[in-house]
Structure formats: structure tokens, C-alpha cells
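Below you'll find only one chain, the form predicted on its own, shown as C-alpha cells.
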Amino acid sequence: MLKVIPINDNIRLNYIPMDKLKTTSMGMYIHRKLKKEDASKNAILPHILKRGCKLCSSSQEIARYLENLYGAKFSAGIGKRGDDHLLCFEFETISDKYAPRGERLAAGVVKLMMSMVFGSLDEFDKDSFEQERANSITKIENIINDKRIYANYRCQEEMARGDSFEIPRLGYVEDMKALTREEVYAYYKEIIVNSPIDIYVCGDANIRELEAEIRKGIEGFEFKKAEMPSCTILRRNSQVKNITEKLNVTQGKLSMGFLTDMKPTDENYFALLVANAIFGGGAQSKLFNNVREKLSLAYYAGSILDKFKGIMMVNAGIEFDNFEKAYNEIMAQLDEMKKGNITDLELEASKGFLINSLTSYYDDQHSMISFYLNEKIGQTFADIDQCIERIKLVTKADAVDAMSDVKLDTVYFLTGREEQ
């Protein structure tokens, strides 16, 4: 289904044909290796670039330009997938065939996208830089406000000590404060010609017309061939880390980090995917039905995989006094998995849960783009139908075997109780 068109050594245009929706979605993703010295520059750059370019010199002009494309949507930000730090620029417009007067809306969007990334003004506007730096600092400081996200973030940070994965997606407050616009501008000029770049188009589009617009947007640039950042899975600590942090909270947040010792390219990865779904991946899972429903030990309880780093995270919202009971029950349910105590209903319901999730991507262009981007970063290069077929083939024995190497690495508990 995915069609890949090489633009040059660094840039790939990826086309996902989809004619069932009346929109066309696009995204440009600049891949950078996670590095502490670059993290804050990466985090602020998309927000500066979205403020103005040679095609539209201000936010107001960009807004008018998008409005003339019948209200095309646009966002910019920073992502983190394994060891890949992603500068993201995402757009959505009405498909050309629905344009009232036959306008080439997709080409208009691509023209803006290319100017935004490759047609920056000769320097960053001082006020825009100062505002975006202040906004970036606020975002970092506000992570703590969502305690569920904060607990998960802190647990992963502790798991990844000494690994590049501990570098935060949004960068560091002190580094952000120290940035100058001249420094960030010089960095920008360097990375746009020295980074792998993926452009995705999902919808019903004239892809050759868009390819021509992309080639026009990079005329005059000299690119240096760059390799995709490689992702390595986390290795285990010598012993389980236990961290308790006290904040002014009314509900405890328990995050438990497990290491799977499995890469997304491993043959039995899909067995792990199914095993995680059985363990804590949905309303049919053991954690939901035992920790939350049967024993009422948690307001929420579930597990999620980070395939790029070989991590399985369990997150639960609990009463402070229920820490030990909730912890013990989570470990007991993992032990049940390893013993093979999985019902046929649990297996089939969990496979159905995963398949339904994948099937839903056919109705969501941004999810389709995200899926194929993840496949590229994970170096697995499967399509949705192939993933569904692999899931269907997973047996109970496969799931048990995949779970056998999953081991607890870090326990993080956010509490508000004085004695903790």
C-alpha cells in the first residue's frame, strides 16, 4: 500500500493512497539522534519555524494562507520514538477533488510546508524566539501538573539512566534559558541538510505534482547524506530500582517499568504484543479485570509497550494504603501469564482488541501516517494487513514464551502521605 519515492539521499516521500475520506493529511518528520546538547534546540525549533517563512512572513499571514485553502489545519511540535528525536510538521486539507473551483489544495499545503522548513527567513525574529523559548520552558515545567503522565515519565527516566532515552522529549529548562536565537538559527541551517527527512501524504492526491513541489522547495540546497538514528533496547539494571516521591496529591500513582529483552524486529515480537494485551492492554486484560474490577485496588490499571526500547510500562492510580496490595497483585498476574494461565477467551479477546485497533487506522489518516512512521523507525516495514495476519497466528504458547523474559526493572510510586 505504501509507495516510497526517493527525493534525494536524505528525503523520502511516502504516499499512502486512501480515497474513503474527503481529506488529505501530510506530515514532515526530521529525524535527529537523541543528544543532550541538542534536545532543547530540537524542541524549540518547530515552534519557531511555524511562526514565519519566506512564503508567509508571520503567523497572521500563515493563518490567512491556510484559510484560503478552505481552512487547512496545521501543527508543529517535537516527538520522541526510542532514540529518535522527531521535529514534526503536520497538515490536513480538503482533497483536491472536493475543491469547489478545482484548486490544487494539496500542492498549496506542500508549498507552505517546504517554505516553512527550507524557506526560513534570514534570521529568527527576536520576539518570536523569546516567546517560543518562554512557551517551551512553561511546557517543561508543566509536565508535573498531569500526575499520571509525570509518574510514567519519571519511571522511564529512572529506567534509562545512562542511556540516551533518559533525555526528555521537551529538553531542559536550563539549556532552554541559555539558548540564543543565533545559535538555534545556525543549528537549523545545519540540520535541514544533514538529517533524514520523511514526508508522508495520506489520501487521494496527485503525488507526482506534490513530488515536483517538494523538489522545487529544496532547489539550491546541498545535502550531506545522513543515516537514520538507530534504536537500541534498554538493558537491565543489576537490581530492581525502587523510587518513592512525595507530592501534594490525593491519589497515588504507581508506575512499574519492565524490560522485555525484545526488539521489534525479533520473530516473536507479535507474540509479545498479544501477551501485553492479555496482561494489561485493554478492558479484556488481567490487570483491568483483577486489579481494578475484581479487587478494586486501582482507579485505572493497564500496561503499554514501547517497542523501540523494549519496555513494558504498568501504570495504576491507587489509594496510598493500597500500594503493597496493588504491587503484589500486578506481579501475581504477571506470574499467571508466565505459568500459562491464559483462557481461550482472554487470548481471542486480546487478539481481537489489537486487530480492531489496527483496522481503525483505515479511518484515520494521521494514525496511518503514525503507523508507517513507526514501522520506518523500528525498521520493520510491515503494513497493517501483514501485522493483522501475524497477530492471528499467535498461540497461547507463543504468548507465554514471549512473557517469560519480561522482568521488573523499576518501581516508581508517587504518594502524598507524610510517612512515605
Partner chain sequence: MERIYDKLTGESVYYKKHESGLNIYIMPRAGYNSSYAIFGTKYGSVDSEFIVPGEAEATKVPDGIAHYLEHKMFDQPDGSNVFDRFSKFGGEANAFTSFNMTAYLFSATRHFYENLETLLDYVQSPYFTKESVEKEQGIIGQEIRMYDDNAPWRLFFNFLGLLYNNNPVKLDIAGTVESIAEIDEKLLYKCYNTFYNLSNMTLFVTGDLNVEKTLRIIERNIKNNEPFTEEIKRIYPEEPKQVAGKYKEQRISVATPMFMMGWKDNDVGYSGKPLLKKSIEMEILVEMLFGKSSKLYNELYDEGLINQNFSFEYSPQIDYGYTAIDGESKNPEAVYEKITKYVDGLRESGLCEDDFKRIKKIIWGDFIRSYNDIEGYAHSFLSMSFLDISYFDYFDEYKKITFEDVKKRFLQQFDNEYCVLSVIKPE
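Bear in mind the structure is a predicted one, so any value in this text is a computation, not a measurement. Numbering follows the first chain given and starts at 1.
Below: the form predicted together with the partner chain, not depicted.
For the interface check, one of 135 to 143, 223 to 231, 81 to 89, 331 to 339 should have non-hydrogen atoms within 4.5 Å of the partner chain in the model of the complex; which one?
That would be stretch 135 to 143.
Kindly indicate whether Thr23, Gln131 and Asn356 are, all three, within 4.5 angstroms of the partner chain in the model of the complex, using heavy atoms.
Every listed residue reaches the partner chain in the model of the complex, so yes.
Looking at Gly119, Pro168, Gly317, Pro196 here, can you tell me which has any non-hydrogen atom within 4.5 angstroms of the partner chain in the model of the complex?
Comparing distances to the partner chain in the model of the complex, the residue within 4.5 Å is Gly317.
Considering Gln284, Asn152, Ser164, Asn268, which brings a non-hydrogen atom within 4.5 Å of the partner chain in the model of the complex?
Exactly one residue meets the criterion: Gln284.
Exercise: Lys41 in contact with the partner chain in the model of the complex, heavy atom 4.5 Å
It does not: once the partner chain is placed as it appears in the model of the complex, Lys41 has no heavy atom within 4.5 Å of it.
Check Lys36 for me: does it contact the partner chain in the model of the complex (non-hydrogen atoms, 4.5 angstroms)?
Answer no; every heavy atom of Lys36 is more than 4.5 Å from the partner chain in the model of the complex.
Could you tell me if Lys126 has a non-hydrogen atom within 4.5 Å of the partner chain in the model of the complex?
No, Lys126 stays farther than 4.5 Å from the partner chain in the model of the complex.
Taking any heavy atom pair closer than or equal to 4.5 Å as contact, tell me whether Gln251 reaches the partner chain in the model of the complex.
Yes, contact at 4.5 Å.
Across 51 to 69, which residues bring a heavy atom to within 4.5 Å of the partner chain in the model of the complex?
Read in sequence order, the residues that approach the partner chain (within 4.5 Å, in the model of the complex) are Arg51, Ser59, Gln60, Ala63, Arg64, Glu67, Asn68.
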